[in-house]
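A single chain comes next, written as structure tokens; it is the form predicted alone.
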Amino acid sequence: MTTHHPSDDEFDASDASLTRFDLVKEGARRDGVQIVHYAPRFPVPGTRAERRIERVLSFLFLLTGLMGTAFVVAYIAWPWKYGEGDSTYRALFPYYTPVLGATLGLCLLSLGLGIVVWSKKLLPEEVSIQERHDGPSDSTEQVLTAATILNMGDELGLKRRRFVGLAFLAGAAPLGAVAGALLVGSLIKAPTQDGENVFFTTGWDPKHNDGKPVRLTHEDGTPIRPADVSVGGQITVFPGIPHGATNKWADSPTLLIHLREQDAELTKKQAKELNHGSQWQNFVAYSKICTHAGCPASLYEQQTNRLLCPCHQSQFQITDNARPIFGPASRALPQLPITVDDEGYFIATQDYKIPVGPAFWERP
């Protein structure tokens, strides 16, 4: 027996006797879709098995909301402070970061499991085969498409599973708040203590030396005099404070460069307002940490006064505020203000004026 399918001209989409699923099947036929198999998961609504699945779904979505709310509260209201010395912040309570990770992770995990359970256990089983076609859709096909979309809503079963729908909304709302918390939370608390910025401090800040200017030293802590650096030469210097050459102050290694006379004059002439007064005679000091990815930029070519980072070949023009002239780095190396103390040793008059390292590390 051959099943008769009405042609496009014979089918009346406004026929009140047609069910929504009739419109769905007709729309599928016109789109070249053959529904090979279609069966509801629970032919008889309200069975114990269906209610059990609904309870599991409700639990997962409510857990999503609970964990999302916990993340927002922890992120915004948790007491914390910025730590000094390592240019990172630490919480007053040591589990601050794990709590953020656990709550957000459980929030996303429970939401994902809920969606999987819903699609695998409640939505009807359907196998369809579709052939692609070109060209615009007429008004009838638009009605059929709308019916298909509405039918998807019917298949979700929210009309008779209201608690599942409410549980989903209760879980989705806090998850949406998580995205807002990341934006708003960072604006609530400033990285300062008593008006003093401690988020960008390095080992060159005088407060780490009892308020006195920090000396430039070798790795072994020996202070450096101008005569220790030959003309056209450069050395790596570290803050002369306890553990100044260790990983505790890994953001502090600096290149001290002895420029030739004409190059020093050009450097001073081209200095930006930010770097005015940072140069001492023919000596300049720049952060050794590349502003691209944090590698040590230490290959100095004295004929061109270019500093090369060996990792990704970024080059910085030392005589022009150490601005990047080649490679992926997009920000100039920060300059350390230096002078010489009464004993003839180099000192930093203050900390770096801008954050060191890549732009994605720490910015004002």
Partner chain sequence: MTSEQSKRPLARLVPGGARAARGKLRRRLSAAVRLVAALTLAGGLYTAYAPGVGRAEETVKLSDAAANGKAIYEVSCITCHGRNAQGVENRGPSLIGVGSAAVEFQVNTGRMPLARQEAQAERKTPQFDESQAAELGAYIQELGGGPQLPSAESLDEQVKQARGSDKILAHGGELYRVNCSSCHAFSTGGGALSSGKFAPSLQHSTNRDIYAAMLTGPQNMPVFGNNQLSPDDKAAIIAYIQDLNKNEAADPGGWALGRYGPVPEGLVIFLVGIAALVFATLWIAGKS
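Keep in mind that what you see is a predicted model, and the values were worked out from it rather than measured. Basically, rigid core = biggest C-alpha set you can superpose within 1.5 Å across the two forms. Numbering follows the first chain given and starts at 1.
Unshown form predicted in complex with its partner chain; subsequent notes refer to it.
J.: Is Ile235 close enough to its partner chain in the predicted bound form to count, meaning some heavy atom within 4.5 Å?
T.: Within the cut-off, so yes.
J.: Mark Pro98 yes when one of its heavy atoms lies within 4.5 Å of a heavy atom of its partner chain in the predicted bound form, and no otherwise.
T.: Yes, contact at 4.5 Å.
J.: Does its partner chain come within 4.5 Å of any heavy atom of Ser139 in the predicted bound form?
T.: Taking the distances in the predicted bound form, the answer for Ser139 is no, it never comes within 4.5 Å of its partner chain.
J.: If you check in the predicted bound form, is Gln315 within 4.5 Å of its partner chain, heavy atoms only?
T.: The answer is yes: Gln315 has a heavy atom within 4.5 Å of its partner chain.
J.: If you check Ala170, Val229, Ala177, Ala264 against its partner chain in the predicted bound form, which one has a heavy atom within 4.5 Å?
T.: Selected residue: Val229.
J.: Which among 209-217, 143-151, 116-124, 264-272 is in contact with its partner chain in the predicted bound form, heavy atoms within 4.5 angstroms?
T.: Selected range: 116-124.
J.: So which bits of 23-50 sit within 4.5 Å of its partner chain in the predicted bound form, heavy atoms only?
T.: Heavy-atom contacts to its partner chain in the predicted bound form: only Arg41.
J.: Comparing between this form and the one not shown on the rigid core, is the C-alpha shift at Ala271 2 Å or larger?
T.: No, the C-alpha moves less than 2 Å.
J.: Can a Cα shift of no less than 2 Å be assigned to His243 between this form and the one not shown, given superposition on the rigid core?
T.: Result for His243: no, shift under 2 Å.
J.: Comparing between this form and the one not shown on the rigid core: C-alpha of Trp118 shifted by 2 Å or more?
T.: Yes, because once the rigid core is superposed, the C-alpha of Trp118 moves 2 Å or more between this form and the one not shown.
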